Structures are given as C-alpha cells and as structure tokens.
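One chain comes next, on its own, written as structure tokens: the form predicted alone.
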Amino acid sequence: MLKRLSGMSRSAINRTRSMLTGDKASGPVVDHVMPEPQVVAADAHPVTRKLIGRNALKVLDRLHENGHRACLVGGGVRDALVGLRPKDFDVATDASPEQVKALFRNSRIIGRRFRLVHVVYGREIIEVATFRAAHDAGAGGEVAASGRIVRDNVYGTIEEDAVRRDFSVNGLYWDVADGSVVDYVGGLDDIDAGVFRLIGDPLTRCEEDPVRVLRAVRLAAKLGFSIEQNTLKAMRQVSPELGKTAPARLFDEVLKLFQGGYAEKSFDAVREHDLLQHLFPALHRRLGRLDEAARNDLESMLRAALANTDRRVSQRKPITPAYLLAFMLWPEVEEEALRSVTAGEPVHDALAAAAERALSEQIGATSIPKRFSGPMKEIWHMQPRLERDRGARAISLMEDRRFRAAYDFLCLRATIDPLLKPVAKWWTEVQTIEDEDARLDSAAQRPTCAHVWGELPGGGKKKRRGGSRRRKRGPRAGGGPVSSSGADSSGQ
C-alpha cells in the first residue's frame, strides 16, 4: 500500500514483532533495544495537512516552532491511511505538560492517572500528551495487583511511547517537521493486512485496561478488520473485568460504539464477542430468553433504530444518545409498565415506576447523565398518548419538543407490532395536513389502540375514584405535563 523509503527489513519487522508480543517473563519492553522505525516520506502516503484539522495543525506547528518534537498520533493517522477522513486529532510531544501549557494560554492540564493538556478552541479540544515510557520505568507509574494501570505518568521517548500504545495500528506517528509517517511497532503491515493486534503481551495489555476489549471490537467493526488470534484470546479472558469498570467509562465507550456512523456493525460485533451483557444487561437477558421469532422481531426493531442513527450521521444530521438508549431499554420498560397497568395502576404511574427501575439497573452498568435520561423518559411517556389521544389533545402533541423523536420511536415500534401500524400511519399523514380545522377533524376520528395500555374492552373506562366531581386538567403526556417549547425536528 505504501512505499517504505527507510526502516526495517521484513525479517527485522518479524523479530521486532516477536519481541513486542513475547511472554510476560521476558520483562518490560523497554528493557530491550528499541527497534529502528519504518519511515514513510510525505510524498509516499495519504496523510496530508489538508486532512488534519486547522486547530490540531496550530498546536503541532507551535510545538515544532518552539523546538519540540510534535506528532499526530493514533486514530487520525490510522484513519487517513485506510482512506477515511480523520475526525480525532491527538498530539504527542516530547514537551512536558507544563511546557505545553506555557505555550498555549487557552490550555489546561488535566488528569491524575494520566496527565495531559487540553488546548481549547471554542467547542473543540486538542489533546496533547507527553511521550510516555513503561509504567515501571520510573516514578509516576503505578500498576494495581489486578494488572490495571493506576497511574501512567512516566515520561520517555517517542520509541518508548510507541511500544506502550494499545494496538499496532494506533501506534503510528505523523511528524509535523517533515510530514513523514513513523512506525516502530509494525502498524503499517497490520493496516496492509487488515488486522488489529495488541502491542506487547496481549493478556497483560488487556489487564492493564479492560476497556481495550471494547475498543478493539469497535475499531475492528468500523474498519472491517479482523482481530489477531492471540489478541482475541486475551480479550475473551479479560472481558468479565468490564463488569468492574467504572460505569462512566463504559458509557463513553457506548457513545463511541453507537454514534460513530457504524452503530449496526458495532452492535453485531458486541453480540459476536458476548459483550452486550456488560453494556445492556437487561437487553442481553431478554434476547437470550425469547424464542426465535420474538428475538428476530426485537432485533429487527433495534436494527432499524441503529440504521437510522447511522443514516443521520452520514447525512451530518444531529443525533442524541437519548433516542438510541431509549430503544435499548424500552422492551423492559414496556413489559413492566403493561404488567402494572393490567393490575390496575394508572398508565403514567406504571411507566414512571418501570422507567426508574430500568434506568436504575442500567446505571449500574453504564452511567446515563440526566441530560439523556430525562429525554428518554419523555419519549417513553409520550407513547401511550401517541397511541390513544384524540382531537385537540392529539394535535397538541405535535408541539411538544420531543414529538419528532417520540413519533419516530412509535414508527419503529410499529415495524414489529401490527396494532401500531394504523396509528403510525395516521401520525405520518396528519403532519402533512396544513389546514387546522382539517387536522382537528382527522384527529377526532383517528385510529387508536387504547387496549394496548389496559383500557377496558369496547371502549369502557375504569371508574374514577373519589366521586363524580370532574376536575379541570391540562393535557398529559401519559399522565405527565406536556412541554410547549417547540417541536424538535431532528428526529433524535
């Protein structure tokens, strides 16, 4: 794929790879002589300044102009080499965090476990890390008894930094000084072969950070790469440790898995490697206990939601985690709420209780910030109203800020529930009616499926408690207040 202008021979590459993937007993990689790099000149590879973000170039250029070595590293280099447009721009340098901060007034040093610098340009943050050495190469590194890295602040050279990165295809550097790509770990050959391979002993590297298991699955799905066998074996051995990983870190990985434009492929990969139980335990249990037909129906609905997210990403339309997360948890929420409604509990109360229980369990696996859990609840609470409200109450729903997302949610549910198809069809058609009176006429005669939520057969109503006095009430979203802050046209 690339014209290698200098560096190692094939036999030298193989010797280096053997060294980097040796047994734990062989000692830290840095005890060995550092390999000579493969260097690909600027005119022999596709990584160019045009592909690198303007703000990342500002950081790289200023570091270089002030006498520091500065390289783009990781996903930005990898994606450019495989023909994708890079989105992530991480910088590695021989400057210390304090030296970097002194060069950029718009920067701050962050982290304790891993100190680095964030250079802030409006909403964009360029992450700058100092070259690291092995964790046991000096003060500033600490590894727990489990093998997990506790602190990672031992600074070193670019050669040492390369061999302590996670995957070989992420251990490639684009040097701003001359535009060359530098490879110490065989990453160029693994890109040619389409293989994800951990650098060093695979089991040790997975134990250092079990989240690397998810990262491998995500990136292999994104790029269509296979996972090298020893790496795959280590991943399977360490994957139970994901259950002990901080829920906030797993939530970040969920966002990367399902919001990068390849959500459907990522879902397949997560299922293939038996990792769904660590991310969405309730959904994992449900898929395991359903019969084949019911499982296929649920998977079809989930795939439709995942494909919709991928489509919006490809069209550069806004997306929110709330929409997809609401789908992942909805089967449990719906089942429990329907059970409570059948037992006589009001729809709004049943949904509220079911939502809280589902979210409580999910937060034990992956945290969900309130800015997402709130909209999820609103989408869920609108489902009964979309199914059964008539007249002005139905039309008022179209002004709710969550209407578009809730409507899309209903349409996807209708793909596996025949009872919902006439309702979804009506909502699609009524949005095209511009005359207000005509809308109201249509809403007065609209199809409903109130029986889904426990209404009595034949349209009968359950008796009102506390006498016959009628109290004036405003519109309710499944029993709750309806916001009038404007419709959300994003669909997510």
Ligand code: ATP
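Treat the numbers as computed from the prediction; the structure is a model and nothing was measured. One-based numbering along the sequence shown.
Note that the form predicted together with the named molecule isn't included here; everything after this is about it.
4.5 angstroms heavy atom contact with the named molecule in the predicted complex for R295: No, R295 is distant from the partner.
Non-hydrogen atom contact R402 with the named molecule in the predicted complex at 4.5 angstroms: Residue-level check for R402: no, no contact with the named molecule.
Quick one: is R285 in contact with the named molecule in the predicted complex, heavy atoms, 4.5 Å cut-off? No, no contact at 4.5 Å.
Evaluate G74 for contact with the named molecule in the predicted complex, applying a 4.5 angstroms cut-off between non-hydrogen atoms, and reply yes or no. Yes - in the predicted complex, heavy atoms of G74 and the named molecule come within 4.5 Å of each other.
Considering non-hydrogen atoms and a 4.5 Å limit, which listed residue (R164, R413, K377, R385) is close to the named molecule in the predicted complex? So the residue touching the named molecule in the predicted complex, by this definition, is R164.
By the heavy atom within 4.5 Å rule, which residue out of A358, V270, L219, V100 makes contact with the named molecule in the predicted complex? The residue from A358, V270, L219, V100 that makes the contact is L219.
Complete contact of D79, N170 and R215 with the named molecule in the predicted complex (any heavy atom, 4.5 Å): Heavy-atom distance to the named molecule in the predicted complex: all three under 4.5 Å.
Counting only non-hydrogen atoms, choose the one of 348 to 356, 377 to 385, 85 to 93, 364 to 372 that falls within 4.5 Å of the named molecule in the predicted complex. One stretch meets the cut-off, namely 85 to 93.
Would you give me the residues of 247 to 267 that have any heavy atom within 4.5 Å of the named molecule in the predicted complex, in order from first to last? Result: R249, K256.
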